[in-house]
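First, one chain by itself in structure tokens, the form predicted on its own.
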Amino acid sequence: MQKKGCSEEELFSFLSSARNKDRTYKKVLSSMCTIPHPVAVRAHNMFIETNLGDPGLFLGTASIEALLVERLGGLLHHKDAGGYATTGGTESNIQALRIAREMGGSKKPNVVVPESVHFSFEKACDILSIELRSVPSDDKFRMDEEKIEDYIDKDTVCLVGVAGTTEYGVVDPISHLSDLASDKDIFLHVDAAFGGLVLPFLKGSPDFDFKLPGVSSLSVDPHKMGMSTIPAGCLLVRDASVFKSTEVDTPYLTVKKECTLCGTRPGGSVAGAFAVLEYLGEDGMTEVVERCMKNNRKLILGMKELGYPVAADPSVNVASFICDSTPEGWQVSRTRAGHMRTVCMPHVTEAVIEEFLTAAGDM
């Protein structure tokens, strides 16, 4: 730290130069985040100083969090779901496994996940000392339902399915997982961090949420397709009483117990997440999702015509192609199998798709 402070002009000149080194979203097809909606930015700024870690000081902000949980719960077929806002899928997934471990009662707990599961589960299992058991994928890059039971035993405390996988945009056989969870009395967590705000707005989507009786918890991220400011995730549970398993005493705060992982929790992004859902409503969100899916289909068709078919048929606006090259100047990513991975977020317009396909044709 320098001894004397600098002028505001100097400071923001430096910050501006640093910000200019960041890549814009213009030619980015790899990110599951996007430019936040203007109402999210406005709401975030209104609640910029609020801390949901001490909710008694910020009763209004806490009421917005409760409304966000209510809106998401209703969307995912359980209006009375318990839950709270998190920093995103990683925190939500850690907390879900933490609850499952405490409820499972095993001294040597294990969790059964799809091979394609998000890397946050590796972190969660490392932190929580849970054995991670990965079920291989089938030829559609979904969890192979024929093999799931081979990985379950008396110490299995949780089953996990993904609704909208990060790499291929497919949905695991969650209905089958629900049946297994119900039959074997095992906690079932669905990672719908991405698909949770896509699948409900599409006709014919596979069941993945609380509509299935075996689903115990869900993670969903408004800072992805919900176009909120970052960070904004949410952990939802069928039965709010399970949060008692993660409660700790907080005697010097305005509440005496908390079940959350983080202590200080931003209220701004929570207000932003709620604002977008409230402002757009179901019709507006459906329009956004359908536009993204239309662009995804255009990209898939265009790449196929260029000789680059998709590796798997996606259920959400993610597409991965059998293609070893990358168009110059464009940001895509690669799956663990080496396929070119793209995501058609709201910032990816039809014109962007056309520009990308032109560049891909020149590879």
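Start at 1 and count along the sequence shown; that's the residue number. Predicted, not measured: the structure shown is a model, and the values here were computed from it.
The same protein also has a form predicted in complex with a small molecule, omitted here; what follows describes it.
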Is it the case in the model of the complex that His37, Gly226 and Leu277 each bring at least one heavy atom within 4.5 Å of the small molecule?
no
The small molecule isn't shown here, but in the model of the complex which of Arg142, Arg101, His118, His78 has a heavy atom within 4.5 Å of it?
His118
In the model of the complex, the residue from Gly88, Pro109, Gly73, Pro266 that sits within 4.5 Å of the small molecule by heavy atoms:
Gly88
Against the small molecule in the model of the complex, would Thr166 count as a contact residue? Criterion: heavy atoms within 4.5 Å.
yes
Since only the chain is shown here, I'm wondering whether Asp191 would be in contact with the small molecule in the model of the complex (any heavy atom pair within 4.5 Å).
yes
At 4.5 Å between heavy atoms, is Asn93 in contact with the small molecule in the model of the complex?
yes
Using 4.5 Å between non-hydrogen atoms, is Ala124 touching the small molecule in the model of the complex?
no
Answer range among 143 to 151, 202 to 210, 157 to 165, 288 to 296 for contact with the small molecule, defined in the model of the complex as heavy atoms within 4.5 Å
157 to 165
